[in-house]
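A single chain comes next, written as structure tokens; it is the form predicted on its own.
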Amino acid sequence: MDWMQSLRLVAPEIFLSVSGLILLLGAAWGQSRKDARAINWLAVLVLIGAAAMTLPTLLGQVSGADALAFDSLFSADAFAAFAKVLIFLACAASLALAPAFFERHGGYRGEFPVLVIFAAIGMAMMVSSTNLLTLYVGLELNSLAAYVLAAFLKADERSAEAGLKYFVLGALASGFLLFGMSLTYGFTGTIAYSGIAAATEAGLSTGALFGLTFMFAGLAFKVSAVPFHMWTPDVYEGAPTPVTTLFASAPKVAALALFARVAVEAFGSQSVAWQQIVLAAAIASIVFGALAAIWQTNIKRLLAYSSINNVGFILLGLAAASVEGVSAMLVYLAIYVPMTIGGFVAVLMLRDEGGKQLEAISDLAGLSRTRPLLALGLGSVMFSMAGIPFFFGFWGKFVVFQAAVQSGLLIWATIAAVSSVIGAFYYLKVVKVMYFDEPAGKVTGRSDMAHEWLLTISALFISPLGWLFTKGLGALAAIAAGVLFAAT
């Protein structure tokens, strides 16, 4: 094994690990508000730096043996790099939202950005895993940090409840995943994805099929796909909003990329078997997410069901079981992340004069007349999530539908398209409340500059201006998807 080559391939993860430990020492020694803010912004720079270190791997189309580190335990290929760039930038955006929020709720502590960095390392390990051991270590490293983050506001009952629910249901999901991994190992004799692919090439035994099913059930929990979505609305509503922003973006990218890697690299020769499972979860998530959100009156719960709905569209791309399908999935993810961040940034800016967070959709009444720029930003997010033509979210849905139809999933793509029209109702309801209802006059609090900048950047990216990036984004997604399939 070439240790220098391995260390070079994992340089972004080493950079994050060393930086996280240094910032942890800073958090232990510096207890003031000023120290916590400094640690937070240093963590943001560290995550952006890690994204910059990862980008050449994607642009260089690194794949195969050139991407393998530590005796093939880790793959720093272009597919992983695409996901990592999204993960690191989403984590950085979530951290940028944190100081102003926590200082209004009892003070900010330097441990928060450190936990986010360690969660990011776990997510990076997940998307670069080449065997079940690396998969589980990365997933648990991310999960352990996430449990603490969900309950970070110790004095808030909703935050404590969200952390407990996430922990209990996360442990259940880990049990499903471990049971599936043990069955897969028992019936294939290996934990390496390449070994599993070789052992199942001639067909899946009953035991291996059960292993696949349980593994996919555990992963479905991590992406909050139906029927393993039950934790999402409560955790999204109860967790601190910067944490909800993180949960709705970075871990989703990591879990969905991991889902694709396991499906294609480990069980690629048996796509007929897992395609049915993924397709069922995708359609159920799309339909349930579209219908369940209609009756929501809380904006954070609405975004939670919207997340379930969006995960369904992303899984529909994976269900196509083709290079085009995975490429469409990655394109959708790249658009979904700024849409989600923009939505939760707008939620954070909904405050009254005393700084209290406003979450009821009725509180947005007439927002276009009292806070026109905020209404415009949130309206852009709603239009893009609804898939309204000329907004960037429309292109994400279009490429997924296109890939599904090309793979012979015409009926399922039609059901998804109809559900998308139904789902547009609750997005447009928010726009209607902001632009056509009489002003409620409740959103009067001042916004933090970081929030304003993030909402502006997100809104511009998902607006019709986003179409300028279609060619470049499509090319990068195609490179990443091609690398993943070339490994099989």
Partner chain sequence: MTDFPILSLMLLVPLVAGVICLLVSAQAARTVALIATLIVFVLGVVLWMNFDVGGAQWQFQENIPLFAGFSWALGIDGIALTLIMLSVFLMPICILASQSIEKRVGEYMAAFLLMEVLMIGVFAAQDLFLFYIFFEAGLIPMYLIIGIWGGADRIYASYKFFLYTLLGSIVMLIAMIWMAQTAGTTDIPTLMQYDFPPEAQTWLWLAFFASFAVKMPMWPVHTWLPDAHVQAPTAGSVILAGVLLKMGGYGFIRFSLPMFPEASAQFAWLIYALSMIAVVVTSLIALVQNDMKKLIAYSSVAHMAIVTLGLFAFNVQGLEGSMVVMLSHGLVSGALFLCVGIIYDRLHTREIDRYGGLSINMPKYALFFLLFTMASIGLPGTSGFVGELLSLMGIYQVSSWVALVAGTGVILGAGYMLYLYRRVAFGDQKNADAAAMPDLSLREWAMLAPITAAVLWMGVYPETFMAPMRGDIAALDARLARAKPAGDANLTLGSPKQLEEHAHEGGAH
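Computed from a predicted model, the values in this text were never measured in an experiment. Numbering follows the first chain given and starts at 1.
Keep in mind the form predicted together with its partner chain is missing from the figure; the text below concerns it.
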property: In the predicted complex, the residue from S368, S129, T241, Q270 that sits within 4.5 Å of its partner chain by heavy atoms; result: S368
property: Proximity to its partner chain in the predicted complex, single hit among L68, V431, I39, A51 (heavy atom within 4.5 Å); result: V431
property: Interface segment, criterion being heavy atoms within 4.5 Å of its partner chain in the predicted complex, picked from 162 to 170, 226 to 234, 395 to 403, 297 to 305; result: 395 to 403
property: Partner contact for V421 in the predicted complex: its partner chain, 4.5 angstroms, heavy atom; result: yes
property: Contact flag, F436 vs its partner chain in the predicted complex, heavy atom cut 4.5 Å; result: yes
property: Contact flag, A192 vs its partner chain in the predicted complex, heavy atom cut 4.5 Å; result: no
property: Any non-hydrogen atom of T414 within 4.5 angstroms of its partner chain in the predicted complex; result: yes
property: Contact test, all of F391, L410 and W467, partner its partner chain in the predicted complex, heavy atom 4.5 Å; result: yes
